[in-house]
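We begin with a single chain expressed as C-alpha cells, specifically the form predicted alone.
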C-alpha cells in the first residue's frame, strides 16, 4: 500500500502569469542528439530559447540524481535526448538511459511531476525533429505552469513536497535499486543468478514494488530527520497502517538509519540518524 498523492500543482491555472517562460534543462548525447541540435542551429531552424543544454558523452551517463537535483532546484522541465535504440555509440548506453527514466517515472508519479521529465531519441541527421521535440516539450511545460518546486510559485514549495523529492533523490542514489535497474537487460535477456529468464511484465512489477517500497522508507527517514515521531504519528501523516510503518521502521533500524530516541506517552519516538 502506498501513500495517497497530494495535490501539489497550483489549483488555479489562471493565476500562472501568461508571460511565464519555463526553464528547461536538456541533457544531450554527444554523438547523436547534440549533433542533431547543432544541425538545427546550422539549418537556422526555430525553436524556443528556453532550453539550457548539458552535453554528455552518452544518455546512459545521465544519472537520475542529476534529474532529482534539478527538480529540487526548481527547474520546470527536463529533456533527456540520446541516440535511437540500437544505435548507441557505446553499445547499450541508451538502454541504461531508458531503464533509469522508467525508474524515475515510477517515483515522480507519487508527486505528479512525471510529465516534467521526458526521454526521446534524436539522431545526428534529425535537426528538424530536434526542433520539434524542444518546441513541443516547452509548450507542454508552459501550459503546466511553473514547477511546484519553483520559487515562481508563491505558495510553493511545500515542505512535504520537498521532503518527498528528497526521498526520491535518496532512492535513486540507493545501491540496491541502482543495481536492479542496471541489470535490467541482462535479467530480461540472460536470466537471473539461477539462469531463469524474467519476462518484461514480471520485471516491471518487481521494479515498481522495490522502488515504491524504498520510496516509502526514505520518505519515513526524511520525515524523521525533520521531526522525530512515533509510529502512530507517521501512520497518520503517511496514511499507512501502523503495522506497515513499523515494518519499515524495523528495516531502517537494521540499516542503521533510524533509532529510538525516547518514550512519550508510552509511545516510542524514533529519530533519523545523520
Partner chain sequence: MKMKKKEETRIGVFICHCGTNIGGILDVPSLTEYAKTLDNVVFTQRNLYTCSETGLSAIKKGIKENNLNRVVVAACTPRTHEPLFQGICKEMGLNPYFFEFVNIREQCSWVHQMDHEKATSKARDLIRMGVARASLLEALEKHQIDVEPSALVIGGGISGMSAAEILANQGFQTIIVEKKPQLGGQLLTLHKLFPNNMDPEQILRKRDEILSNPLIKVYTSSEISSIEGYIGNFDIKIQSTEKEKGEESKQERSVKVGAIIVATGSDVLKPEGYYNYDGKRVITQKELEELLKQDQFTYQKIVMIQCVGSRIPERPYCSTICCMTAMKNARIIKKNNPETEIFILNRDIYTSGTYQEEFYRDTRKEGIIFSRYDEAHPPEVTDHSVIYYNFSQNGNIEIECDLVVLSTPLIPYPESESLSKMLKVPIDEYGFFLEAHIKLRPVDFSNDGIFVCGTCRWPGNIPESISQGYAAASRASRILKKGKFSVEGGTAWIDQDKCIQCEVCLKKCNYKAISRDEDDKVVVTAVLCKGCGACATTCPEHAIVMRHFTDNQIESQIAALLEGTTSD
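Positions refer to the first chain, counted from 1. Keep in mind the model is a prediction, meaning the values are calculated, not measured.
This next part talks about the form predicted in complex with the partner chain, which is not shown.
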In the predicted bound form, does every one of 137, 167 and 236 come within 4.5 Å of the partner chain, counting any heavy atom?
no
Counting non-hydrogen atoms within 4.5 angstroms of the partner chain in the predicted bound form, say which of 222, 240, 211, 58 makes the cut.
58
I'd like to know if residue 203 sits close to the partner chain in the predicted bound form, meaning any non-hydrogen atom pair within 4.5 angstroms.
no
How about residue 228: is it within 4.5 Å of the partner chain in the predicted bound form, going by heavy atoms?
no
Even though the partner chain is not shown here, does residue 96 get within 4.5 Å of it in the predicted bound form, heavy atoms only?
yes
With a cut-off of 4.5 Å between heavy atoms, is residue 216 one of the residues that contacts the partner chain in the predicted bound form?
no
Stretch 45-75: residues contacting the partner chain in the predicted bound form, 4.5 Å heavy atom cut-off
45, 46, 47, 48, 49, 51, 52, 53, 54, 55, 56, 57, 58, 60, 61, 62, 63, 64, 65, 66, 69, 70, 73, 74, 75
